[in-house]
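Just one chain is shown here, as structure tokens, and it is the form predicted alone.
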């Protein structure tokens, strides 16, 4: 058990993270910061705290509008950002407008982390994932072991679910990896997909796999469309918590995370989704997979997309 986990942003994802961190007893103290008035974070945490006797959890839960509530955190999970929602006049903000807004929020978040939890490991969920984790790196200048983005765990879980449903097997039987950027360029790695240790093609036809992999790339949008308002929140929260648990319990667990590459996969200076070993020291090792020639080409295209996003972040910084 950790001493303290802090969550930044108390929206749908942040709320689930706080609730689950308490119910799973991941830390003795769980803190939430959210700037929404009047005292949104405090109210959300009081609600959760009042339920702890029911689940016999002696966990201190504290919320605030001020960042000092995260002081001394071992792990900080960042969910702060605004979603792309329709304006009252029916228009939607452009991608550039949304990115600009969320980068400003990320700068504010960075200041809070640097001041009150400078030694914390940071797991970032906020979207656009590739841009936000890169901006956090620019601002915090943390060692790559202590700053990672959550994307691949969720994308791989979606891929596993779709495969399991099509094959008619338990999700526990399916192993899968989704690499690259968090978006349309992500790559479900078919060559590494196994069902009970056997190649996935033994259970699912190639043309069906094509469709399932395309669905995986668009899975986030599928949820948004069905909800009407907002986006996925339970599955991203659970995915980040799986990463936090691997660190808290020193599991030495391999999972796909967005991490800073330093020559691995032929990439330098970009946060890209790849398999990594997570333990008490954070991101302890990047695992290099053997990819097929087709997968290598798709990975290069995904890296190019991530590079474009990083260039946009730098350009916005210079404005």
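Please read these numbers as outputs of a predicted model, since none were measured by experiment. Residue numbers count along the first chain shown, from 1.
Form predicted together with adenosine-5-diphosphoribose (APR): not shown, discussed below.
**Student:** Among 35, 40 and 231, does every residue place a heavy atom within 4.5 Å of adenosine-5-diphosphoribose (APR) in the predicted bound form?
**Tutor:** Yes, each of 35, 40 and 231 comes within 4.5 Å of adenosine-5-diphosphoribose (APR) in the predicted bound form.
**Student:** Quick one: of 80, 113, 189, 153, which gets a non-hydrogen atom within 4.5 angstroms of adenosine-5-diphosphoribose (APR) in the predicted bound form?
**Tutor:** For this set of options, the contacting one is 80.
**Student:** Among 307-315, 8-16, 21-29, 294-302, which stretch has residues with heavy atoms no more than 4.5 Å from adenosine-5-diphosphoribose (APR) in the predicted bound form?
**Tutor:** Residues of 8-16 come within 4.5 Å of the partner.
**Student:** Check whether residue 239 has any heavy atom within 4.5 Å of a heavy atom of adenosine-5-diphosphoribose (APR) in the predicted bound form, and answer yes or no.
**Tutor:** Taking the distances in the predicted bound form, the answer for residue 239 is no, it never comes within 4.5 Å of adenosine-5-diphosphoribose (APR).
**Student:** In the predicted bound form, is there a heavy atom of adenosine-5-diphosphoribose (APR) that lies within 4.5 Å of any heavy atom of residue 216, even though the partner is absent here?
**Tutor:** No - in the predicted bound form, heavy atoms of residue 216 and adenosine-5-diphosphoribose (APR) never come within 4.5 Å of each other.
**Student:** Going by a heavy atom distance of 4.5 Å, is residue 125 a contact of adenosine-5-diphosphoribose (APR) in the predicted bound form?
**Tutor:** Contact with adenosine-5-diphosphoribose (APR), yes.
**Student:** Contact with adenosine-5-diphosphoribose (APR) in the predicted bound form for residue 105, defined as at least one heavy atom pair within 4.5 Å: yes or no?
**Tutor:** So residue 105 counts as contacting adenosine-5-diphosphoribose (APR).
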